[in-house]
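Okay, so here's just one chain, in structure tokens, the form predicted on its own.
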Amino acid sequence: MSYYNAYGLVYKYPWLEGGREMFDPIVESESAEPLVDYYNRLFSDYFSIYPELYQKLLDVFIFALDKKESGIVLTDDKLNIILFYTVKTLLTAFDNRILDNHVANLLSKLYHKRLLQENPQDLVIISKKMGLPCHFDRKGKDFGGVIHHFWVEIHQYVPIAALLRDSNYQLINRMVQNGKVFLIKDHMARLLQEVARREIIPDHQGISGELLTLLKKINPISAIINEIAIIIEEKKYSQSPYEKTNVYENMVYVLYPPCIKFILNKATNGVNLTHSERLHIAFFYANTNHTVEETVDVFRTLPDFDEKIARYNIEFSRGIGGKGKKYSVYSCAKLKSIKLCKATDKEYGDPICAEGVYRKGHGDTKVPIKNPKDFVFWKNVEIQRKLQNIPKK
């Protein structure tokens, strides 16, 4: 096929043109064979030709839910195409948005590493095929002492950069000249990683139930589905991993303020956090007896997670290294100003945040809390009063 012979890229990046057809070559007008029989034959052939496929499929789901980043090796042959589209098919069938994000984040990080290894010329070709065409300038542009060799048209850059929710990719922090956004290779690969991540996540057009029923009739896939279902059941804790005993020494999820619950829910679902959200969670954890490891684990599910960078920034926020300054928890006033206050949110809101609390010396007037640490204290007081049936005043 010309798209492979010309560039040799579709085996490495299966979502490119032609990849789907290589995985599933059925042509409806030529096939009178029942669909179940066709896919039984197709997958029987795949599992026979590639005996490692079964374990690779399981590993993708196991590693994704365990938040591991290493241990899966992507090939650059047809097995990679089969793995990619089988995973996507299974995600469609399970119709689980949390699972979607975990798996997409894992695989897209692996493709990010692969993209970083490409030479500039191939990266330009790949970017065009992925719908985010970049250009390579051998001379480049100097920005902050770093030469930026790649550039993207501003109107094509903005929609993808906005998905990253990272201030580093905002136009104000980029070199922009004559409608061109200049980038280093790592930034270009990160943008393409986000495109790849969205290729992995299914559209979910209401076919999950029918698809799951069909797949369960396909012998090689039925066993995989059963094992993945067991894995999901075993990993249910991953949907709310912060409901663990850790007031601050033994904090449980119910004691977290609404703003923190909101951010943790996003992170748990593998949704990228804004810069302010990352800082808020880091500062809050640093001031509530959470360890560095616990804080790193919050970020581990994010699409752009880099353990070395995350650990450095988390330690820096705690005064470890640098100038030795430990940062305080954001105040409620600050959270309101950056629109992170969730006091009245339908899902996460709490009267303690929205209405304040009764304090000695203030009579029947409630006094607003000043920061999320106040919430933890007063929420604990509220719970203890309920347990002991003690009046609020």
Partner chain sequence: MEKRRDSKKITKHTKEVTSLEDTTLELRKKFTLKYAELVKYFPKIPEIASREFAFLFWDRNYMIRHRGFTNPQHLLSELKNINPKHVYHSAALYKDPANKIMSEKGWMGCDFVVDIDADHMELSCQENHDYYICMKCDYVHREKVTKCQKCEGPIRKQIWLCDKCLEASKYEVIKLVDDFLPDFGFTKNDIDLNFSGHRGYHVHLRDKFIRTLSSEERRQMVDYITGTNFDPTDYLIYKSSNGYFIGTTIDDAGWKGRIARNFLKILTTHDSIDSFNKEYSKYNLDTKIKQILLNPDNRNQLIHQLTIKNQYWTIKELAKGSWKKIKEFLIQVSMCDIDVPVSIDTHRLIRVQGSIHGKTGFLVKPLNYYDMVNFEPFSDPIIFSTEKEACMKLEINTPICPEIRIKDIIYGPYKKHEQIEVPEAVAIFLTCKGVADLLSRGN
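The model shown is predicted, which means the values in this text are computed figures rather than measured ones. Residue numbers count along the first chain shown, from 1.
The protein also exists as the form predicted in complex with the partner chain; that form is not presented, and the subsequent description refers to it.
- Stretch-level contact check against the partner chain in the predicted bound form with heavy atoms at 4.5 Å: of 117-125, 207-215, 98-106, 169-177, the positive one is 169-177.
- With the partner omitted here, the residue from I72, I231, V158, I147 that has a non-hydrogen atom within 4.5 angstroms of the partner chain in the predicted bound form is V158.
- Of the residues V252, I184, I225, A162, just one reaches the partner chain in the predicted bound form with a heavy atom at 4.5 Å or closer; this is A162.
- Using a 4.5 angstroms limit between non-hydrogen atoms, H275 touches the partner chain in the predicted bound form.
- At a distance threshold of 4.5 angstroms between non-hydrogen atoms, F143 is in contact with the partner chain in the predicted bound form.
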